[in-house]
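In structure tokens, the next block holds one chain alone, the form predicted alone.
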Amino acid sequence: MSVWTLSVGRLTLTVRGNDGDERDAAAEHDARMAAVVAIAADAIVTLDDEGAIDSVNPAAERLFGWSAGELLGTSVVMLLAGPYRDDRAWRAWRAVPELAGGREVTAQRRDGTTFPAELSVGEASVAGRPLVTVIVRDLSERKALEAHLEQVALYDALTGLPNRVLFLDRLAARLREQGAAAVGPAVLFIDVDRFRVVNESLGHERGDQLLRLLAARLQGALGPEELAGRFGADEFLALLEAPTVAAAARRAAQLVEALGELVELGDARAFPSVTIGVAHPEHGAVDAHALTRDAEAAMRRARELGHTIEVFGDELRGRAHERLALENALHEALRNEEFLLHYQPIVEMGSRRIVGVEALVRWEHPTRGLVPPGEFIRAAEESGLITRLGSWVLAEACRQAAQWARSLGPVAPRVSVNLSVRDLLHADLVANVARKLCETGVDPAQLSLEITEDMLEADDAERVSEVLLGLQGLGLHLAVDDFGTGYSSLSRLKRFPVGTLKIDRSFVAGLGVDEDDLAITEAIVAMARALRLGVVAEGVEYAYQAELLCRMGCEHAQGYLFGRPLPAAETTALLQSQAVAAGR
């Protein structure tokens, strides 16, 4: 019996046969192997003892642009580019054991063009003779796909700037390079002023054009070692090489001027403006996320103060720590059920009879006592806790309304509950309200939901209208709170299913003192009556204010003149005494 072997690395392929069919078996095997090599998608090149090419497959001819005849006898390095296009370097490289598993290289075609490739080298022995096999795989498509995926994942599609993820990664790398030294880089958080006006007046296409122009200006104003990024919506980031806070502030002022130059948006022209927050490691933050967060906090503080530029410092850090502590305390308060409702009477002006109450949330802090909403509502809104808090308020108000209905019957008051913007635009608001009504058994007519006037001006007016119609469909009453402070048009009031306007307390406070406030209040009352809407005056504190409102024809009012917000038990006693006085 004869034995024919092929050894490649640790693998040995053995073919056994009788003496008579030895040559046939070897020939068949050779034919099979030749077919595999011929149809392979990867380029396969074999080398002789001296490293010269002694065979190539068709894929190699197609990939490199050389014919087999032109390649035979030449050095394999002619297929490579860069430092390995040298015989001595090739031999040294071949000696690296990991090469057999594949290594990325730059290959070169006949026309001089290069492409990324994976190159694997295998040592074999055939019939006692050494055989070196080089397999080359073209990585062009894979690299192009990787580049595309990286572009999608790490760069903003509209402006081409690094997105938040990549910006933070680059900032973190720069901070690591810098070490603990309290010098640059600084981070700027840049917000475009009144961007919504551009979108609404010129359209989203022009708004996108403005963002692209500002991105290009920002990038053009930065140095080669600096970085621009897009945080989201109309917000940008900049990483600056600034050794001090003062230097960063000066650069911010330069950017305000550069970004504020005239832009042409089709047939329209605009002078954009920005608000910038500045954060620098000099003030302690040496973490990418913390530095960016500080810059954003500074920008928001600049907005509050009406400034163009604000630098994050010790005062803002203290405010940020206080806000974080407050948010943590709010989480605990929700978990420990520390909130309660007080109810302020809404009276009928003619009879002074209580016809409704407004539910107002209070926080019974374990050490501070009763905390008014002005000290925590904004933090709840900014942290997103307002949705959970609003859900609890609604449930508790419904429960209390149902209890009053059972004990007081037809003289039970309507209970008003305020909705936040987050509540109004929550996808499940209508379903959640319906569930609360069902769980408590309260008559929907006993519940009034209040929204502020600016909610009627929300970008998604269709969504707001849909939600309000859904709430009205449940049988609820809807009211517009703080009316007169926004920009609602008559067409919007007609479009949305609201039943009552609540005149903002700022106008009521000016009655008898400010002629403009008097005129505005009279106009709101007249308009409400013309539109067949109810009207409530808020913040009535003095008898002369109530008298003026009565003369105007204002139907209802609330304020300290008629009663302060009281806990549920005291409100119940007040309602019961009213019922007794009425002879019920």
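Quick note: we count residues from 1 along the sequence shown, nothing fancier. Computed from a prediction, not measured in an experiment: that's the story for all the values here.
There is another form of this protein, the form predicted together with a small molecule, and it is not shown here; the text below is about that form.
Peer 1: Between the options Asp156, Asp482, Asp138, Glu282, which residue brings a heavy atom to within 4.5 Å of the small molecule in the model of the complex?
Peer 2: Selected option: Asp482.
Peer 1: Using a 4.5 Å heavy atom cut-off, which residue among Leu80, Val393, Ala402, Leu429 comes into contact with the small molecule in the model of the complex?
Peer 2: That would be Val393.
Peer 1: Only one of these stretches, 249-257, 213-221, 236-244, 413-421, has heavy atoms within 4.5 Å of the small molecule in the model of the complex; which one is it?
Peer 2: It is 413-421 that comes within 4.5 Å of the partner.
Peer 1: Can you tell me whether Val536 touches the small molecule? I mean in the model of the complex, with a 4.5 angstroms heavy atom cut-off.
Peer 2: Looking in the model of the complex, residue contacts with the small molecule do not include Val536, since no heavy atom lies within 4.5 Å.
Peer 1: Please determine whether Glu70 contacts the small molecule in the model of the complex, using a 4.5 Å cut-off between heavy atoms.
Peer 2: No, Glu70 stays farther than 4.5 Å from the small molecule in the model of the complex.
Peer 1: Check Gly512 for me: does it contact the small molecule in the model of the complex (non-hydrogen atoms, 4.5 angstroms)?
Peer 2: So Gly512 does not count as contacting the small molecule.
Peer 1: At 4.5 Å between heavy atoms, is Ala359 in contact with the small molecule in the model of the complex?
Peer 2: The answer is yes: Ala359 has a heavy atom within 4.5 Å of the small molecule.
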